[in-house]
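This document starts with one chain, in the form predicted on its own, laid out as structure tokens.
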Amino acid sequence: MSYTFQFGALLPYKADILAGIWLTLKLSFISILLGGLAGAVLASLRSTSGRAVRLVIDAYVEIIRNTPFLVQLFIVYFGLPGLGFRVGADTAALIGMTINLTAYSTEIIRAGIEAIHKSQIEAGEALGFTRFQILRHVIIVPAVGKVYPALCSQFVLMMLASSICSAISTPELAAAAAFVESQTYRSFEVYILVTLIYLTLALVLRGALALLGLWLFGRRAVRRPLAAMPEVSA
């Protein structure tokens, strides 16, 4: 049985594919920025606050990490309007991705914080550092440096998981692929192209994060940046 590839049939839809790529990148960049920062804040609060705050943060992390990302998106997109908050598909995707990534980032950074030896904190206190200075320079920065490869892996996985947002009609790359496939009936060609695009985006993002880690933390933070691949619920 022979099959004739016709990638030329996809050319009239290049604008749709490019628009999908752009939205995927935009959602990924913003959610990585917000989710990474929020994860650092929650991990810090968990290590410095009382039992009640720790329980709330732990509950949030466990709920998000043990429920499917798709269900979380549905709650944001279909559930919030029932409470009087109407959000568009793009906004709902961004909120869902940020909430999901925050939970994973919090857990990853928490592991880094727990790896900081108490003697380092005591040394900071002996040098007269304020509590904020100890948190920033002795705990958070070294902790993020220790877990940076795992954090990078989670960021890449979140970018790939953005394809799930097509389920709520967000016109990112996966949704654009579905539209092109419905118009051309060239399923094989469409999804080969999309696979290559996602692969390229993942490699570029991994490289960019590795360079960022090299600048921020030195060579130790960028060794085998995808060695640990945390799981994202789909």
Partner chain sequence: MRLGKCMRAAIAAVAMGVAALATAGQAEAVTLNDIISRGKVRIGVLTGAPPMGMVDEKGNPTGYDVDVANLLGSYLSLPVELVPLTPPARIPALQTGKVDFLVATLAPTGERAKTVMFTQPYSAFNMDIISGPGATFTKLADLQGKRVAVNRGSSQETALRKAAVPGLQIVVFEDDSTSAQAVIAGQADAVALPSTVGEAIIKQRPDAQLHVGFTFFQQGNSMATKLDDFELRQWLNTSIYLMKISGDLDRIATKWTGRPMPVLPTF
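Predicted, not measured: the structure shown is a model, and the values here were computed from it. Positions refer to the first chain, counted from 1.
In what follows, reference is made to the form predicted in complex with its partner chain, a form of this protein that is not presented.
- Contact check for L196: a non-hydrogen atom falls within 4.5 Å of its partner chain in the predicted complex.
- Shown alone here, H117 lies farther than 4.5 Å from its partner chain in the predicted complex, counting heavy atoms only.
- Proximity of L203 to its partner chain in the predicted complex falls within the 4.5 Å heavy atom cutoff.
- For F29, no non-hydrogen atom is located within 4.5 Å of its partner chain in the predicted complex, even though that partner is not displayed.
- Only one of 79-87, 98-106, 126-134, 143-151 places residue heavy atoms within 4.5 angstroms of its partner chain in the predicted complex, namely 79-87.
- Proximity to its partner chain in the predicted complex, defined as a heavy atom within 4.5 Å, singles out one entry of A40, I57, L209, I168, which is I168.
- Shown without its partner, the chain has Y3, F5 in segment 3-38 as residues with a non-hydrogen atom within 4.5 angstroms of its partner chain in the predicted complex.
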